[in-house]
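Okay, here we've got a single chain as structure tokens, the form predicted on its own, with questions on binding and movement later.
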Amino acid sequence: MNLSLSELAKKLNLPESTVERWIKQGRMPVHKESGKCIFNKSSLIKWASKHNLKFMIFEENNKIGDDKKELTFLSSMENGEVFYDVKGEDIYGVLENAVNKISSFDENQKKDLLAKLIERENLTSTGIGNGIAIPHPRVPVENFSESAVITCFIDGTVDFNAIDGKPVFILFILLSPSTKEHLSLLSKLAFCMRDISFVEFLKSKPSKDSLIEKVSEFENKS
């Protein structure tokens, strides 16, 4: 069987960079030839099972692009962006600077999103503890097809009125097209944030590739 690198990564629910590196290192029963990943399907399924990974099997006559991507913390992070040294003296300043960095939004969308984030924050803090906050609109984001997580490492820390009183060093801005997806994503993210080792990893301000790889490893173990 042969697939493109992106197709194989989707079937394994892993970042493309991780799959490509593992192939080069000989850690997977896969080799690349003329831009395609060549492998025996049954061998790869056994390998995936041995490494606690899921190999998503679709009907051969279905196009992979036609299959809806499963909502996970990982897929939502891949849909989003990662920003570093986001400045701000207080909650509103940090939120404004973070929203202004989102490249996929025009000025009107940024203005609308910022207003919704502030509205939600005025109800009660989204600081969940351990230096983490998860700002999000109270209602689904219009004209937004897939959930996304915008990761923002703050320049220093900011008092977010968090439940544990600790200042916040990182924001995960949740954007979802429906209430159902929002609640599911909120639950998945909160589960990851309860792991102290993962929180310590976040404090190192990892690159997006490293962050996505760590989330992938975490989700596959859970």
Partner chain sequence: MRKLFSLRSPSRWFFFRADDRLLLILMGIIVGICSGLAALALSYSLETLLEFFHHYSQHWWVFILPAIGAALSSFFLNYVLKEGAGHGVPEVIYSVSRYGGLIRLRSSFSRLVSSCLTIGFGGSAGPEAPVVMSGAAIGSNIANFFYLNDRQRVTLVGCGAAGAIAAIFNAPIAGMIFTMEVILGEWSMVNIIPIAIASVAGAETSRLLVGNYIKFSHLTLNTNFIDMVACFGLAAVTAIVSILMTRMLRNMHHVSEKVKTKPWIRAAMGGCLVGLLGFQVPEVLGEGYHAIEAMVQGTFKAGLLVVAVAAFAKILATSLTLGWGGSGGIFAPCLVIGSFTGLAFHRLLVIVFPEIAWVNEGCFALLGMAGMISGILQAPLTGIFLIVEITGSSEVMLPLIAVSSISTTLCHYFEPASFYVKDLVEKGQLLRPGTDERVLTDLSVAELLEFDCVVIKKNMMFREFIEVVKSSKRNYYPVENEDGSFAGIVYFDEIRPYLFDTLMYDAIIIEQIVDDKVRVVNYTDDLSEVLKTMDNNGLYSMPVVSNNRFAGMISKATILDHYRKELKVQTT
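Residue numbers count along the first chain shown, from 1. Quick caveat: nothing in here was measured; it's all calculated off a predicted structure.
Note that the form predicted in complex with its partner chain isn't included here; everything after this is about it.
Judged against its partner chain in the model of the complex with a 4.5 angstroms heavy atom cut-off, the residues Lys87, Ser104 and Leu114 are out of contact without exception.
Residues of just one listed stretch (171-179, 155-163, 27-35, 189-197) have heavy atoms within 4.5 Å of its partner chain in the model of the complex: 27-35. The closest heavy atom approach of Ile45 to its partner chain in the model of the complex falls outside 4.5 Å. Among residues of the shown chain, Arg21 is one whose heavy atoms approach its partner chain to within 4.5 Å in the model of the complex. For Ser17, a non-hydrogen atom is located within 4.5 Å of its partner chain in the model of the complex, even though that partner is not displayed. Under a 4.5 angstroms non-hydrogen atom cutoff, its partner chain in the model of the complex lacks Lys41 among its neighbouring residues.
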